[in-house]
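A single chain comes next, written as structure tokens; it is the form predicted alone.
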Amino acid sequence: MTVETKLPYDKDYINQFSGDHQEPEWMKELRLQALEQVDKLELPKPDKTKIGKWNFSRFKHTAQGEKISSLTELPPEINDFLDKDNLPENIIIQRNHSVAYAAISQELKDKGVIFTDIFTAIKEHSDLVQRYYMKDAVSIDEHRLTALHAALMNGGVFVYVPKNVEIEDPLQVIFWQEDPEVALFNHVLVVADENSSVTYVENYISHNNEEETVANVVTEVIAQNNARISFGAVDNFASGTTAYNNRRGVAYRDATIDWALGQMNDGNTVSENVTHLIGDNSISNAKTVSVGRGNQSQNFTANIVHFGKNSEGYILQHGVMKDKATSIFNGVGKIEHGASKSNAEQESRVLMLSEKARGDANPILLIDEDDVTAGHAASVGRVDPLQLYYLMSRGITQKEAERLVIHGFLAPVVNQLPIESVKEQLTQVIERKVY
């Protein structure tokens, strides 16, 4: 049995919402086209995860948040995600659906860098946004959730780095779901033009609550020729939030896209991280860690598709499951015909800490070219009781012993993450979830 998507939002609502945000005609038409397709399209079918009864349509679509004049005004749970020694100079904080705080340095402005909320970008840089928005990475008609996203997008950011511009310090965005019922239909669009580089870090944070709502997030990362993008994220939605997170990358000739993802939601989650290596010599590293607890069900897919010659794709996933949590980890390396000399490598490992926890690791290699290299490793197992016994025999409590085991299991991934701030944030969130 599946739950039908009956939206409380119709064509008139979309027209009104688009008008209120002073959107150009192309954006309004895209929303309306997507709305027409919502009921015609099926939900995605993640492997071994039944999402037909998950909540994707019961939510509050809009809620404003108060502005803040200084980062010092942030509550502790938000402030924890800032660099204590060096407050970020380039940062956006979205509170529910409005921008609470935004800052970009004059230096980046002078170089032509665009770092702003998605609605401002659509109004002030319409042609540039239209060029990339749901074009090369994600299309509106893939399934019901992409159509829903396109119709109801209500927040997000746009980053554009011009040719030959290298940004040294990270750009940071905090998406703060303050209202427990509000839905986030965020769209994140990061574009690095030729010979440019940028590090982007985002955090999704919601207050501890069991109110049912939705996060339907689409991210498009475009690296033009010889560009480099490091994308870091820590997702930390509360247990009542059903999350669909679709992060896509497109890398052209000699380009690199690195992903460092901490999947720390407490609610049911479907997460897709797909990178298309279009150009010759393109590279992607996709690193993910997750801790599941309670009764949540999660499905994670990391997929790197090789089109260009000499392209390289590396997937590394480690997950820890507690209580009655269940998670599927899919690692997919696809080498298309013509992508000679390419290399696809992947490793997925899952550790279960309780009898009722469940984890699956599915390594998948799809090779349509002869002159390539590829490899995979996968393991699923329960915590070694001898490890716990050894630690407890030294006077350590069982909870503290489990904490040490979890950190030790996730460390091979966390330590390899290329963004220092993401490492620190992940360590904090892992600590909270362990206890």
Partner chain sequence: MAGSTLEIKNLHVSIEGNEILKGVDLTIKGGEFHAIMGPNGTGKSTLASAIMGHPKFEITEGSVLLDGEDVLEMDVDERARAGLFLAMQYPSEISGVTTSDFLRSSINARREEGDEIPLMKFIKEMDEALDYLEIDKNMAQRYLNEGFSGGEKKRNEILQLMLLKPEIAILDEIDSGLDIDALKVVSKGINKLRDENFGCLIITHYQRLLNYITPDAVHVMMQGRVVKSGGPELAQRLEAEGYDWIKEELGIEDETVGQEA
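Residue numbers count along the first chain shown, from 1. Fair warning: this is a prediction, and the values are worked out from it, not measured in the lab. Only the largest set of C-alpha atoms that superpose within 1.5 Å between the two forms is called the rigid core.
Not on display, but discussed next: the form predicted together with the partner chain.
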Report yes if any heavy atom of Glu400 sits within 4.5 Å of a heavy atom of the partner chain in the model of the complex; otherwise report no.
yes
Gln387: touches the partner chain in the model of the complex, heavy atom cutoff 4.5 angstroms
yes
How about Gln22: is it within 4.5 Å of the partner chain in the model of the complex, going by heavy atoms?
no
Tell me, yes or no, whether Gly381 is in contact with the partner chain in the model of the complex, where a contact means a heavy atom of each within 4.5 Å.
no
Exactly one listed stretch (46-54, 61-69, 31-39, 403-411) reaches within 4.5 angstroms of the partner chain in the model of the complex by non-hydrogen atoms, and it is 403-411
If I superpose the two forms on their rigid core, does the C-alpha of Lys399 end up displaced by 2 Å or more between the shown form and the other one?
yes
Cα of Thr427 displaced 2 Å or more between the shown form and the other one, core superposed?
no
Rigid core aligned, does the Cα position of Pro24 differ by 2 Å or more between the shown form and the other one?
no
Knowing the shift is 3 Å or more, I'd like to know if the C-alpha atoms of Lys399 and Gly240 are closer or farther apart in the model of the complex than in the shown chain.
farther
